[in-house]
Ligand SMILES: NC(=O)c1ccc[n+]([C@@H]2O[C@H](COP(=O)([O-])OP(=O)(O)OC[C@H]3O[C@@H](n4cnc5c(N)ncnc54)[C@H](O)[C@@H]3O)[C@@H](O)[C@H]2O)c1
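What follows is a single chain, given as structure tokens, in the form predicted on its own.
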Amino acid sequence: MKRVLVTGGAGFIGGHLAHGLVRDGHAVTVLDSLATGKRENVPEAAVFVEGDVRERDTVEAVFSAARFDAVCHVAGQASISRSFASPEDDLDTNVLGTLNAIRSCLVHQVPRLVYASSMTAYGQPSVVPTPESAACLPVSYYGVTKLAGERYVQITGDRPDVSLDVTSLRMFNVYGARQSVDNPYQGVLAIFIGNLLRGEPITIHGDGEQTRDFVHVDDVVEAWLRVLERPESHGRVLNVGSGRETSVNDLALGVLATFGESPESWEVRRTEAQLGDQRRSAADTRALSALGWSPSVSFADGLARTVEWARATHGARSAETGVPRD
């Protein structure tokens, strides 16, 4: 059994990770500001501390109250559009918050840190699926801050004067149950599902041929759990994705079909491309696969399960609330 701190453990990914850790018998503490997370996402068996990773004293108090064997630093501002609207907040949360976690790990001699990085670090890669060795040239402020946090983590792990084993996981487009369907800044798949549930048109930015690599949250949790236990992951940056490209146009068709709709029966609007939008995205996962991990949830199955959860949780629309195509 390990004593593990999960920052951002009331959020979508962090909450699932906290549940996975508890399931495997670990003692879990969750630190979350509840700015976007939900208290109900935290396992009952976990210790919950409401607090912001941007506040150094708050983070230090959590580390002072308990001794941890590992820290999973998931907390972060995760919206590309919000990073452009408020780059200072993005910087504070994703960089300063990460530095606070690193500093407390060093002060309290925590031996293990795993960091939630992002595929946005790659920007517009020349090779797809993209390996970890590809150049990182982010095209959004969010990508810049996630890459900066990653570099702080990795450089700290390389320091000869400290004993902190680190790993950064570049996660691609994570989806699944408990992802917010009413947050317009969180995940295109969840946004589309929310549109259908509320009887709203779907909006596609740009030509819709931009691609994403959708990886189910259950597979992501298994990647985190495996990395925590594998010394071979120490000091490394690893992709976590499905390795498959799905265009936004095909995503919209898939969501519509799962609801029994089509572009002929449902209004699909098109508007200008968004700032910082990546054209193509898919993970080369061979490095993580060498550690014994591979994604097990197909996109078709994962989409069906996610829609089923959303309907059960938020209520299916009635036929009369549909938005017909003009």
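Computed from a prediction, not measured in an experiment: that's the story for all the values here. Note that residue numbering follows the sequence shown and begins at 1.
There is also a form predicted together with the ligand; it is not shown, and the following applies to it.
Heavy atoms within 4.5 Å of the ligand in the predicted bound form are found in one stretch of 128-136, 69-77, 228-236, 189-197, which is 69-77. Residue contact with the ligand in the predicted bound form: G51 places a heavy atom within 4.5 Å of it. Within this chain, A10 lines the site of the ligand in the predicted bound form, having a heavy atom no more than 4.5 Å away. Heavy atoms of L34 reach within 4.5 Å of the ligand in the predicted bound form, making it an interface residue. By the criterion of a heavy atom within 4.5 Å, A116 is counted among the residues contacting the ligand in the predicted bound form. Residue-level contacts in the predicted bound form: of T167, S140, S242, N173, one residue has a heavy atom within 4.5 Å of the ligand, and it is N173.
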